[in-house]
Every structure is written in C-alpha cells, then in structure tokens.
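To begin, one chain is listed below as structure tokens, in the form predicted on its own.
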Amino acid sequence: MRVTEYIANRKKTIFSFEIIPPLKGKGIEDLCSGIDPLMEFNPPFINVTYHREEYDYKKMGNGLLKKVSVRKRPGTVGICAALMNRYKVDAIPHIICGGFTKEETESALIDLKFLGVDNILALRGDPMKNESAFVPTEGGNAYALNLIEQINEMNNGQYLYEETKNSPSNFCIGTAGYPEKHFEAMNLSTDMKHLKKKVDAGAEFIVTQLFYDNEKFFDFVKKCREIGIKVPIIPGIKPITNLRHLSFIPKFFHVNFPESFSNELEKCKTDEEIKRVGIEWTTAQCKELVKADIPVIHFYTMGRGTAVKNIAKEIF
C-alpha cells in the first residue's frame, strides 16, 4: 500500500520509524531486537536506510596497501523482504545516488518491484567518508531530482535504453525536506525551490530532517504550501539519548537546539540525565504535532527502540 493511501485513510496520527541495516555478519536477531519493542504501536510502514560503500586499505604480501571498496551495511533489499514477511508491514527502502550507476539503480528498482515494495525514499546520499563533498558515480544520478525522474520514468513504463514502453512500476516516491535548510543550500528559499522541483518531478511525500523546534517545522510547512507544494509532509523526530549527541547531532545533521532545550541539556552530567531530558522534550514535541493533526510522526531510531517506545506510549 502506498504511503499516500495510508495517510488518506488514517483516523489519527500514524506512527512510523526508520531502521539501520545491521553490520555485515550480524543476523536477523540483531535487527529485530530494535524493532520488536515498537510493533505494539502498529506502524504501517518501516523505512530502511542504505549506506554507501567505504574504502578500506588492506595489507598486501609485498608490504603495500591496497584500496578496497566495501559495504559495511549491505542487504537493504533482503531486509525489506524480511520485514514484510515477518511483520506484515510495508518496507520503504532508501535508494541513493552515490555508489550506483543508473543501470544498477534500475536493476535494484526492478528487484523491489518484483518483491512487492510500493514505496521508495529517493535521496542523493552523503559523501563518502574520505570526500569533502559529494562526488557522483560515473554513469549515475548526480542529484535526488535526477533519481526521482528516473523512478518516475519507470512508473510510466520507460526503462533505460528501451525504445518502447514496458510494464510500468507503481512506486510512491518520497523525498527529503529540511526545515532548517540543507547545509549545502545557499539559503532556505533556494533549498525550497529545489524541493519544489523534486515534487514536480514525481515525489508524492516528504520526510523531513530531524528538528527540535516545532515552530521551524510549522513554518517550513507553511512556506511549502505557499510555493505550491501540496504533498504530505512527514516530520522526522529523534530523541537525544546520550552526552555524545550534544555535539554529534548539530555537527552531523546540521540542526540547532532551541535555547530552552540546550539550557536543560547543559545541566545534565550523565547519559541517563540526558536521556530523561531528551525524552521529555521529544514527547512534548510529538504531543504538539498530534494536536496539529500532523498525518505521520516518523522516528529515527538508529537501531535502538527504547527511547522511542517510551515516547510512543505517551502519544499513540
């Protein structure tokens, strides 16, 4: 079932969340340990992230190092199949530009089509760890817009290098939005113009970057509507749960903590204190979003469901 259909048929705010594939060599038990505690809240769909390749250096017999490409978190297609089979929910795989040619992207989409996946979150993806900026793969899509256009072409029955149209896919395409703007954008206005292009190209729903100030989200939605973006906008939420998050989240996700929130966080000395304050803040955020009749609240769990479960108990 398509995300837009879930939203159209909802009777209340929907709970959903995102998981990270386990590291190579881990089993289904590692994956399910973070999912099982959240299934009581009846998520209709679960997002599955994709992590592009990294480079490792392996020692050769002659004492030299060889640069080797590795994927430390493989198996997104298999994980989607496992989720759909085990939990009877829709799985939403992330499809990224980085690390894939257009042909490889098309092959992955065909696999997902046969699997019965109805929804895709189309993203550019992050730069590789050794890159200061995103570098497109030769023969691949450079931007999320290009990826959305390719998926939309498949939805219209047009495949790469095929002169005639064939069996169309029916993917409901999602894209990312940034209430505090993408860190590479010149300003929020230009970022939203790019978002409008992605919607015009075929994106049917938006999932936002995490945020801690609801006013920024509400303002973002208002600005979207003013420029003609009418698709559902799903807020992305992540609770602060440890001291490391205080520096990691602003640096990695390029978001700000409201002053009243940061004042409370600064008083904390332990992970447990941070977790308590983080859960309280995020619970208040979610209650306000539900009151505003936001269609879906989407949680970034990072594979850990305890904090999200505590919040969901108060909301759903």
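Residues carry their position along the shown sequence, with the first being 1. Nothing here was measured: the structure is a model prediction, and the numbers come from that model.
As for the form predicted together with flavin-adenine dinucleotide, it is not shown, yet the points below apply to it.
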Query raised in the report: Should E103 be counted as a contact of flavin-adenine dinucleotide in the predicted bound form, where contact means heavy atoms within 4.5 Å?
Result: no
Query - Non-hydrogen atom contact D191 with flavin-adenine dinucleotide in the predicted bound form at 4.5 angstroms - result: yes
Requested in this report: Indicate whether K198 is a 4.5 Å heavy atom neighbour of flavin-adenine dinucleotide in the predicted bound form.
Outcome: yes
Requested in this report: Although flavin-adenine dinucleotide is absent from this view, report whether Y143 comes within 4.5 Å of it in the predicted bound form, heavy atoms only.
Outcome: yes
Query raised in the report: Which pick from D126, E131, E162, D219 sits with a heavy atom within 4.5 Å of flavin-adenine dinucleotide in the predicted bound form?
Result: D126
Query raised in the report: Taking flavin-adenine dinucleotide in the predicted bound form as the reference, which of H245, K113, H182, K223 has a non-hydrogen atom within 4.5 Å?
Result: H182
Query raised in the report: Is every one of L109, N152 and A203 within 4.5 Å of flavin-adenine dinucleotide in the predicted bound form, counting heavy atoms?
Result: no
**Report entry** Which of 224-232, 237-245, 164-172, 203-211 lines the interface with flavin-adenine dinucleotide in the predicted bound form (heavy atom within 4.5 Å)
**Finding:** 203-211
**Report entry** Heavy atom contacts to flavin-adenine dinucleotide in the predicted bound form at 4.5 Å, residues of 94-114 in sequence order
**Finding:** H94, I96
